[in-house]
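First, one chain by itself in structure tokens, the form predicted on its own.
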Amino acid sequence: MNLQNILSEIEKTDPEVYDRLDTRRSVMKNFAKASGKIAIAAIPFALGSMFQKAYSSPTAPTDIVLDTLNFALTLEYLEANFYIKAVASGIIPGGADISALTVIRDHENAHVNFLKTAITAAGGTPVSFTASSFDFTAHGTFPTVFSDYGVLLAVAQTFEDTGVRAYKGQAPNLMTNNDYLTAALQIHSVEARHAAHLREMRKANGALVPAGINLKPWITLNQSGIATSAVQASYNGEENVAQGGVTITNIGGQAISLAAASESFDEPLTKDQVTAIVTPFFA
């Protein structure tokens, strides 16, 4: 049995086979070692084991994957229930404003249902929350959240900005499963569009926008664009201007300001940071 020829033929069909395993040299070295320890009749079984490693189906979701999906589901429940109450509050102006917030409500409900289905299909148990699980005044921090439209928009923006950073922070936990990672990044991009649109709505509304602040669709430095320190934890760290060890300001001899450098990237939040931010909104 000429293993060299067998592996060469496999490589013609799948040039990436050695990337799946390790390297060509490693594979040949391991088989060379094995040749003195196992009978020729056992070599097909060794080859089978090698192919199982290279081409097996994705492994079942690990505990960290399921935990990450349930963490995402918790945040989506928070947002979905917020927008359900917001749309029903009666304080949102008709036309474009109520239309936009209704669409966002529907998106968040779709995210909840998707994550519940994904977790169940993966053999996990989805967390479950009801409207009574939440206190959107944050235990009195935002007492007028559903009676003052400016406050409602400010809280909505903070939820969306926090969600964007939360998904980015949890993405590494899903890298072992491309399907879940892809879905999470798709939700992440929708949350980012929600945040950008809400910022535009707040700019047009003008309420709680600090004097001298030009509210943009993206985060500048660590500015929330909201006239209260109660939301600052959702924005701390966004002033970072170095990515992958590379300083962005004035990179390549270009005149790139601190503000522009910080606006170019979203910074992740850890699970503990996000938990600390959202815990006050749970009853």
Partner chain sequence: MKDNETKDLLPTFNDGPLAKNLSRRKFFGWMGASAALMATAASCKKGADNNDGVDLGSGDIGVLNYAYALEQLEAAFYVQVVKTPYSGISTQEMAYLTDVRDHEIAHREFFKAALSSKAIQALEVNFSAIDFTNRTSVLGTAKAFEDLGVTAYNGAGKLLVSPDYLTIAGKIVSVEARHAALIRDLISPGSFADMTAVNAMGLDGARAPKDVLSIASGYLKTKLNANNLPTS
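Model, not experiment: these values are computed from the prediction. Residue numbers count along the first chain shown, from 1.
If you look for the form predicted in complex with the partner chain, you will not find it shown, but the lines that follow are about it.
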Heavy atom within 4.5 Å of the partner chain in the predicted bound form - residue from Val145, Ala72, Ile104, Ala156
Ile104
Can any non-hydrogen atom of Ile251 be found within 4.5 angstroms of the partner chain in the predicted bound form?
yes
Does Ala121 make contact with the partner chain in the predicted bound form, using a 4.5 Å heavy atom cut-off?
yes
Under a 4.5 Å heavy atom criterion, is Ala166 part of the interface with the partner chain in the predicted bound form?
no
Determine whether any heavy atom of Asp135 comes within 4.5 Å of a heavy atom of the partner chain in the predicted bound form, and answer yes or no.
no
Within 4.5 Å of the partner chain in the predicted bound form by heavy atoms, the stretch out of 205-213, 83-91, 167-175, 125-133 is 167-175
Within 164-194, the residues that have a heavy atom no more than 4.5 Å from the partner chain in the predicted bound form
Val164, Lys168, Ala171, Pro172, Met175, Asn178, Asp179, Tyr180, Leu181, Thr182, Ala183, Leu185, Gln186, Ile187, His188, Ser189, Val190, Ala192, Arg193, His194
